[in-house]
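Only one chain comes next, encoded as structure tokens, the form predicted on its own.
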């Protein structure tokens, strides 16, 4: 490709992100990203749904937003309303539901609505990287909320809020992933949910609830009602179809009362989320949601079992795994002497990519020995082989895990 004839380097806006590298194929052992199992995409069902909805409503594609307003396809919003009432206890009319281009657009909109430079935002100490990056980009100061195996430790949060108040600081909002937390995959118990809402009211701090993984629950695992169901007046709710169906369809949703919704809509900044995607998903999921999720969650749990068994076999007692109650990620803690950031380059050279803990935490102080592995996309054999390779790289770089602590390899 020929060089540009204009020196664009002198024309670019200030504050741009770093240039993107050229796209490269996935490496052999790809344990990052919220992708799903390619074999579980219901291709035939989506084909039938697309044909059906196009025959019925295809002519509406001639008009922006199908001529039905900026909040999204009513059929999909009705499905969201029904699903969230049945599974998350949320009673919301479709007028309180906005379809977004993935949950990422919802994150952008809500962040722009609430964050000013210098604001303090409370997030879980281990937290979704994409959310933290957005908050920081807008100038927010992040404060991490202590976690245990059941999510936010309420007693610690109460003291944290009191300490901030003593400093004259009122956090702008609490960002939480209470149901299948990312990256730990915990579920906040009902009593803690009530206590969290009580603190939010007491300190006049809004709650931004992200439930993008809430559909991915193991059989027998029950989640308490969403925070929004317990108090719609202090919660903005975010959800997604990326994990329950397909990330590439780019569909998410926000649930909020009209006072908030009316301020969000001007921030959407496009001419409407892809209408055909909305129509197809509404058509397919209105008939197949429960059966599809039941099957998908069974497959994902088997893959998790494969990964945890591999980690136990290859790392022995050197690795401590948080126990997921659903989702697609495994959060692992290695001995404190290991800084996983130093494993990134040698692992990549061996065809392995993973998420180092500091990228998924407010501070590196308590996460430099942690990492996140995604088990949804790779096959079971790829998981076994990849974890073995990661253990080999870790041993070569750190001397851990000790070979005597693992099953002998032939």
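Numbering follows the first chain given and starts at 1. Small disclaimer: the values here were computed from a predicted structure and weren't measured.
In what follows, reference is made to the form predicted together with another copy of the chain, a form of this protein that is not presented.
This chain is displayed alone, yet in the predicted complex one of 204, 159, 317, 305 has a heavy atom within 4.5 Å of another copy of the chain; that residue is 204. Site annotation in the predicted complex: the residue of 196, 177, 330, 236 reaching within 4.5 Å of another copy of the chain with a heavy atom is 236. Using a 4.5 Å cutoff between non-hydrogen atoms, residue 169 does not count as a contact of another copy of the chain in the predicted complex. Contact annotation: residue 385 falls outside 4.5 Å of another copy of the chain in the predicted complex, judged by heavy atom distances.
Using a 4.5 Å cutoff between non-hydrogen atoms, residue 59 counts as a contact of another copy of the chain in the predicted complex.
Interface residue remark: residue 130 is not counted as part of the site for another copy of the chain in the predicted complex, having no heavy atom within 4.5 Å. For a residue to qualify, one of its non-hydrogen atoms must sit within 4.5 Å of another copy of the chain in the predicted complex; none of 75, 220 and 286 qualifies. The stretch that touches another copy of the chain in the predicted complex, counting heavy atoms within 4.5 Å, is 90-98, out of 90-98, 144-152, 305-313, 185-193. Although another copy of the chain is not shown here, in the predicted complex the stretch 105-125 places heavy atoms of 108, 112, 113, 114, 115, 116 within 4.5 Å of it, in sequence order.
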